[in-house]
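Below sits a lone chain in structure tokens, taken as the form predicted on its own.
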């Protein structure tokens, strides 16, 4: 792709680094921004910079937050005895959109994948086990994607906490095997949450 401006080329190259954005789409977006008032480009760049510099991860659940303890964890109305284990913050957003879960979350930051060199120690697993050891959690609700990596991660955590007096459940298989959680429609995801099953039962499938 030939560019008449080095500034334009750099902007397109940077934009194309975003997931799902190819060079042609990046060029279209950059040219669109070029047609907009300078104030809009300034507002966008400031928003991105402020987010990158000031965004925090909740010290309790690792969700994205503006403060050290996120609004979900600090909400006294939420059920502190149920913790939903998810892969990343997109899954928190997907579940929150269903209005079907009123407990807390624990964001692992990924899932175990030996092929990608990701092991349990690369994730927020030990802090979750420590929470269970404190004895305040009555139910651990696994809501990872129904993939081999997701199931492996669920099973690993289950083995780590099975000696403690805690109920474990997982999303009902209304979520198709192999599907990513964030792409499930809200009705299907909501039913899977409401109809979650004991995790031990999923091991027999």
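Positions refer to the first chain, counted from 1. Predicted model only: the values in this text are computed from it and were never measured.
Not pictured, yet referred to below: the form predicted together with a further copy of the same chain.
* To do: Report whether the minimum heavy atom distance between residue 193 and a further copy of the same chain in the predicted bound form is within 4.5 Å.
  => It does not: once a further copy of the same chain is placed as it appears in the predicted bound form, residue 193 has no heavy atom within 4.5 Å of it.
* To do: Could you confirm whether residue 57 comes within 4.5 Å of a further copy of the same chain in the predicted bound form, counting heavy atoms only?
  => Yes, residue 57 is a contact residue.
* Using 4.5 Å between non-hydrogen atoms, is residue 168 touching a further copy of the same chain in the predicted bound form? -> No, residue 168 is distant from the partner.
* Asked: Is residue 28 a contact residue for a further copy of the same chain in the predicted bound form, using a 4.5 Å heavy atom cut-off?
  -> Flag for residue 28 set to yes.
* Contact test, all of 4, 17 and 46, partner a further copy of the same chain in the predicted bound form, heavy atom 4.5 Å -> Answer is yes for this spot.
* To do: Tell me the stretch among 121 to 129, 100 to 108, 87 to 95, 74 to 82 that has any heavy atom within 4.5 angstroms of a further copy of the same chain in the predicted bound form.
  => Of the options given, it is 87 to 95.
* Looking at a further copy of the same chain in the predicted bound form, which residues in 128 to 157 have at least one heavy atom within 4.5 Å of it? -> Heavy-atom contacts within 4.5 Å come from no residue here.
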